[in-house]
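Here you get one chain, nothing else, as structure tokens; it is the form predicted on its own.
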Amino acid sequence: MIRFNIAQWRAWAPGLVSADDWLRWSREPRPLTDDDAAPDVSFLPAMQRRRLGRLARMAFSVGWPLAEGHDSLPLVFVCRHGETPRTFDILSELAAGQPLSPTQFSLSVHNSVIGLWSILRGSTAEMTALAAAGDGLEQGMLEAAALLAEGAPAVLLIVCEEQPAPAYADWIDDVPFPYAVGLLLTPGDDWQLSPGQTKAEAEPCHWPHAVDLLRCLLTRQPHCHHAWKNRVWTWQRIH
């Protein structure tokens, strides 16, 4: 069991940008259409923006405002599938016998987002990139809690997934739409996360865990349960 505060949050998905957008969606959750929309990262210089794929833009759009005013802010970045569109393009070029772009390859690796974050923010704080399973939010929360326990005054947790290329549809079915959720976590007792074993009757969450937690937070639910394989996680609001 771990306890913590969610000091601030930000999130992005196609058509959901503001807190009011997310509140309306939380009251009536529905699948979203991916219309190739991309979040606004105009706070970055144009030359820097050109290097960012949509996954990185999503992560930066939710994380950058939360990091403002915090020096040496540790970052935990969670993404199960990574830059699947970019990776698919690379594999397609390879299959066609085309030369591969070193830049494309370097930006396709799983920790490229935190590498870009470190460069563009000039940050040397501790950063971790996790490729967890369907409960990546909870695995990332454990990592963040360890940093808080070591004395970090705040930790930034970013969970995001890009919409995979259609060719992956038979293997990737846990990304109903592209999304990014950023949580600024601080020491405290407002929230509690407890692990447990999945019961036979436990139903899997209908939405990605990070998006469902945001729904729980915005609708003021006292708790929510996230089941994944043989694990069940209970998020409980204490105050």
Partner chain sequence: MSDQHPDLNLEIKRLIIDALGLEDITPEDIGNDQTLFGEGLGLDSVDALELGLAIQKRYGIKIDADAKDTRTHFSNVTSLAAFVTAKQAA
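As the structure is a computational prediction, the values presented were derived from the model and not from experiment. Numbering follows the first chain given and starts at 1.
As for the form predicted together with the partner chain, it is not shown, yet the points below apply to it.
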* Would Ala131 show up as a contact with the partner chain in the model of the complex if we use heavy atoms at 4.5 Å? -> no
* **Contact flag, Val109 vs the partner chain in the model of the complex, heavy atom cut 4.5 Å** => no
* Exercise: Arg54 in contact with the partner chain in the model of the complex, heavy atom 4.5 Å -> no
* Residue contact check: Gln98 to the partner chain in the model of the complex, 4.5 Å heavy atom -> yes
* Using a 4.5 Å heavy atom cut-off, indicate which stretch of 177 to 185, 42 to 50, 207 to 215, 62 to 70 touches the partner chain in the model of the complex. => 42 to 50
* One residue of Pro102, Gly151, Pro166, Gly122 in contact with the partner chain, assessed in the model of the complex (non-hydrogen atom, 4.5 angstroms) -> Pro102
